[in-house]
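In the block that follows, a single chain appears as structure tokens, in the form predicted alone.
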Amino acid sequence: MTYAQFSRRARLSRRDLCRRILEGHRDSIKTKKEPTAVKNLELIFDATLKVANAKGFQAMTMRDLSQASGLSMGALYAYFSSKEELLEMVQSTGREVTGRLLREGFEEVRDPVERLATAIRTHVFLSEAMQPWFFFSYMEARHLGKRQKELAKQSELATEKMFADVIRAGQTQGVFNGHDPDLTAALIKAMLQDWYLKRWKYAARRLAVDAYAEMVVKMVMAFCLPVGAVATVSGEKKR
């Protein structure tokens, strides 16, 4: 699976994401015309991530958001009643979309090697498609309220558990070696985070997202597979 193939399947345009926000918050959003609501939610979503990633969500004011989005203060309040509600909208939608696509990405794959490789590629491609949200979620986690902070922790642990479960299943089948699955999953997560947290580094090296995903797959397989083992990942033999 390439990033282009993933993008066509996942349909993660800003408009699609904002349509999901609207579907999940129809009771509280006062604007009822879907085209107008989705268009304005795009402006709000983009402005929130842009301003928050530049100065921090807690420091961002409604006036900042109004200026960045081009919407009046009154128009903003038609979509949320407070910054806390806005935060919940942005975070809950991001978690729902990423969690669902991660599960869908590999749930039908049965071979443990291909399953682990697919999970890695899906996570990298997701973070490429939704980089501002991934960056925002990571950088703001320590400043969030107690509930949002706990949800952020649970989300990260759920991702690590997904990788650990795949590794355990492969160990049970005798495919992967006996390295600690939980620690291995945590290290995989750290490599995946590097892609969306330090884009400047990889941009300077002109490294494409597909190349980064394949390098992570190769490194993980070299660590998880027994010495001398040969696995086939997407039709290509890897040692």
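One rule holds for the numbers: they count along the sequence shown, beginning at 1. Everything numeric in this text was worked out from a predicted model, so none of it was measured. Note that the rigid core is defined as the largest set of C-alphas that superpose within 1.5 Å between two forms.
This next part talks about the form predicted together with another copy of the chain, which is not shown.
Enquirer: Is every one of 6, 45 and 93 within 4.5 Å of another copy of the chain in the predicted bound form, counting heavy atoms?
Expert: Heavy-atom distance to another copy of the chain in the predicted bound form: none of the three under 4.5 Å.
Enquirer: Considering another copy of the chain in the predicted bound form, which of 186, 29, 209, 175 comes within 4.5 Å of it through any heavy atom?
Expert: Checked against the cut-off, the match is 186.
Enquirer: Among the candidate stretches 108-116, 84-92, 71-79, 134-142, which one is within 4.5 Å of another copy of the chain in the predicted bound form when only heavy atoms are counted?
Expert: It is the stretch 134-142.
Enquirer: For residue 193, is any heavy atom within 4.5 Å of another copy of the chain in the predicted bound form, or not?
Expert: Because a heavy atom of residue 193 falls inside 4.5 Å of another copy of the chain in the predicted bound form, the answer is yes.
Enquirer: Wondering, does residue 10 line up within 4.5 Å of another copy of the chain in the predicted bound form on heavy atoms?
Expert: No, residue 10 is distant from the partner.
Enquirer: Check whether residue 59 has any heavy atom within 4.5 Å of a heavy atom of another copy of the chain in the predicted bound form, and answer yes or no.
Expert: Contact check for residue 59: yes, within 4.5 Å of another copy of the chain in the predicted bound form.
Enquirer: Counting only non-hydrogen atoms and a 4.5 angstroms cut-off, does residue 38 reach another copy of the chain in the predicted bound form?
Expert: Residue 38 lies outside the contact set for another copy of the chain.
Enquirer: Could you list the residues in 146-164 that come within 4.5 Å of another copy of the chain in the predicted bound form, counting only heavy atoms and keeping sequence order?
Expert: Stretch hits, in order: 153, 156, 157, 160.
Enquirer: Align both forms on the core first, then report whether residue 100 has a C-alpha shift of 2 Å or more between the shown form and the other one.
Expert: No: residue 100 shifts by under 2 Å between the shown form and the other one.
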